[in-house]
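Encoded as structure tokens, the following chain is the form predicted on its own, with no partner shown.
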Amino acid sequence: MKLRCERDTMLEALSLAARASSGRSAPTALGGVRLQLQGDKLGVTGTDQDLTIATTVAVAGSGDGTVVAPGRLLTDIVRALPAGAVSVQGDEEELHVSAGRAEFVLRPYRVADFPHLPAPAQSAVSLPTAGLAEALRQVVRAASSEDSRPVLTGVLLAAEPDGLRLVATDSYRLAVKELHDAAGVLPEGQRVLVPSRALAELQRLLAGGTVAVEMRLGPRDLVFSVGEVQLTTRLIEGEFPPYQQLIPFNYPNKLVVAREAFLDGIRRVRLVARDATTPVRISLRGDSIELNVVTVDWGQATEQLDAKYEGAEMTIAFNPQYLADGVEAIPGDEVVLETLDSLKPATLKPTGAADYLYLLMPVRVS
């Protein structure tokens, strides 16, 4: 295999594919990226068998071939090379990477040890790009990062009569988003559980602007195609929790507050928090609220905010990071916080919209 490519073009492809590899700590082909040259097209693929990211870039090729190189190491090397053309030449014995006066010789992995990747399902559906990017931003944050309960690390995609519903929960918070312009994306009654890690990578791909997105659903995997990038993820097996019963039908207490002021206030008062679990207390009353964080070692912080509140006066406390995540996910200039009492789940919503909610469990405080 022999090719030349602009450094920045190759770096972008390697950085993307290496995000799916197992990293430097895996001295196997799972820690590598597969470089597959055919003519003037270089396919770059990384996988840990649960997530696969593959992309294609144009190069000046002069010898077809396939090499599996250490993914993160090769990415770091290309990033450190001087700007301009990068030359890559090698086989399964050695891989030479050079630019300017710098040259590296790497020991590749055996191509046969790189996982066999099944072909994606043939049937594809188009997704609403703009709406999907926003939905992922709002929902993925509520999924768990703990592998002890795998179903909570996923995002539920559920077909609804008027579109697609996305749901995630880590048992402390819950995010639900309705995509009304995604009707027919899944067959009627279909529910699939997609790893939040894969959807976070899809969100990254969509951050660059409006591009076409296609989805192919197989028996055990899901494939997203975004331009020249193909992202494949295994589906999670298991039953998603019955989240509907957590959402109250109505709330007697309602707070409306400016989103940016609320978010800034939370960020300021939590500066004195000893750790992420130190709660922020919110005193609800009349036409203002008070945010308060108290720690024995460092002191306390208090901030008053103008707001509109209807309901019984109370003080309710939340994990500050979970609360900030919820407020940040709300679109628009105002946030609606609805509560039953200081111990039952509260919800955050945008004003004048019913397609998103973020439910949050309060923290019991003395």
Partner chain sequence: MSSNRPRVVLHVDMNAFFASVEVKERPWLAGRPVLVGGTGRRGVVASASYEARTCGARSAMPMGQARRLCPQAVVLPGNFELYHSYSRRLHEVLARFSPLVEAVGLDEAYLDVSGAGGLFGPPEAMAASVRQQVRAELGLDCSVGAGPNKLVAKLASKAAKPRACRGRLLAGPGIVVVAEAEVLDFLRPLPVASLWGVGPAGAARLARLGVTSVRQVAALSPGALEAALGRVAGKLLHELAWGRDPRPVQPGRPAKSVGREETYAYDLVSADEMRLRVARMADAVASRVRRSGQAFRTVTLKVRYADFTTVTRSHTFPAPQVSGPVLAGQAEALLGGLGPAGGVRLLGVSASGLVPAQACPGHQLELGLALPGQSRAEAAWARVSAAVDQVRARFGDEAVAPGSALARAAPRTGKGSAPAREG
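Residue numbers count along the first chain shown, from 1. Please read all numbers here as calculations on a predicted model, not as lab measurements.
Absent from the display: the form predicted in complex with its partner chain. The rest refers to it.
- For the three residues Val213, Ser225 and Val229, a heavy atom within 4.5 Å of its partner chain turns up in the predicted complex in no case.
- Contact with its partner chain in the predicted complex, judged as any non-hydrogen atom within 4.5 angstroms, is confined among 235-243, 88-96, 193-201, 178-186 to 235-243.
- Its partner chain is not drawn, but in the predicted complex it has no heavy atom within 4.5 Å of Ser126.
- The shortest heavy atom separation between Val363 and its partner chain in the predicted complex is within 4.5 Å.
- Proximity of Arg274 to its partner chain in the predicted complex falls outside the 4.5 Å heavy atom cutoff.
- In the predicted complex, none of the heavy atoms of Thr45 sits within 4.5 Å of a heavy atom of its partner chain.
- For the candidate set Leu152, Leu291, Leu284, Leu156, a heavy atom within 4.5 Å of its partner chain in the predicted complex is found for exactly one residue, namely Leu152.
- Residues Thr169, Ser171, Tyr172, Arg173, Leu174 are the ones in 168-197 with at least one heavy atom within 4.5 Å of its partner chain in the predicted complex, listed in sequence order.
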